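The data below hold one chain only, encoded as structure tokens and taken in the form predicted on its own.
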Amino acid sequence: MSTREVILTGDTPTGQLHLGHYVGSVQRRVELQDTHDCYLLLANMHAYTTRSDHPDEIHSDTLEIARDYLAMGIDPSKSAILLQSETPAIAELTFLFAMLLPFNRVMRNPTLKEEIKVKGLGDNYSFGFPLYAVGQTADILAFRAHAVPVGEDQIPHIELTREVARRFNKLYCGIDDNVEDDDPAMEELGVFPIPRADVGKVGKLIGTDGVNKMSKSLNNAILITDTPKQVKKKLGQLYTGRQSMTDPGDPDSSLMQYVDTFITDSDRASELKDKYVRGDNIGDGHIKVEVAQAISELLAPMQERRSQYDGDDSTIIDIIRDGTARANIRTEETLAMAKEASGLGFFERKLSF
């Protein structure tokens, strides 16, 4: 048994990943895979909450995300890339955890409320849509994860997960109500550690519209497969509200976020920001060109790695199958522990991988 901390995170298949995914979470996953036991979840069942009428697209998008993981530097020998729909313990724990959460608590989740608004769902969504918020707690706790690399918009989901872990441990494992989350007794006596959010370098990358978080659905995203010409064109659309190169710029503008994030030479980044803030004869266009070049240099090795897997679904599926088998060893152990603690354990079961 490994003594390293466990990391669980993942993505719902909605097509290719973009630059916001990388700086917000995936870059951190790459860093952690050398020091932690890492599980990366392809949350294909969650995709069905709003796209159950497009199963072929979800199937294809699932493979595309796996390709993007590999392109961004995920090593499948270090990080298990797994399929949610082939990890049955997650579904069973979702049902159990749903009993521990009041419905109105789930619906107060700000991330869930925002998704209903952004996707224009109104009152027209399946029961599975709010249930996926519970399912995310099972995604994490099935692995007894200690940390979850996420963007800042996902923090409310982590808070809900912490509530479930805390409630389960105190209800079924005899842990006193006064025991704090970071008390060693919480993990030693309980089934679940209380997981923490591990926010990436950039909690929320603004999209190329200069206003909203980067998102494919808002058409303001830079994909990791974009050519230098496409990157330059998209970045050229970044709105700052600045009128001329002699106007003092906002140090907190979206353009300056890109400078901080992608200009790796700290002296050059400081120089650009200083001139921009003082309005020292430097135009937005000049800075955008420099940032676009830095982004393309970042994407080039990703695109080279990704090209090795283009059109090769069988290799991708083999990687996912191996990662899922490793994940099921961990999650079946968790499920057995949870059943025993909650009075649902009657006999041992084993999965065939």
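Just count from 1 along the sequence shown to find any residue number. Computed from a prediction, not measured in an experiment: that's the story for all the values here.
Same protein, other form: the form predicted in complex with a small molecule, not shown, and the subject of what follows.
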item	value
Stretch in contact, per heavy atom within 4.5 angstroms of the small molecule in the predicted complex, of 138-146, 239-247, 222-230, 208-216	208-216
Contact test, all of Thr12, His18 and Lys119, partner the small molecule in the predicted complex, heavy atom 4.5 Å	yes
Any non-hydrogen atom of Glu115 within 4.5 angstroms of the small molecule in the predicted complex	yes
Contact of Pro195 with the small molecule in the predicted complex (heavy atom, 4.5 Å)	no
Residue contact check: Asp153 to the small molecule in the predicted complex, 4.5 Å heavy atom	yes
Distance check, Arg166 to the small molecule in the predicted complex, heavy atom within 4.5 Å	no
Listed residue that, although the small molecule is not shown, lies within 4.5 Å of it in the predicted complex (heavy atoms), from Lys273, Lys170, Lys204, Arg162	Lys204
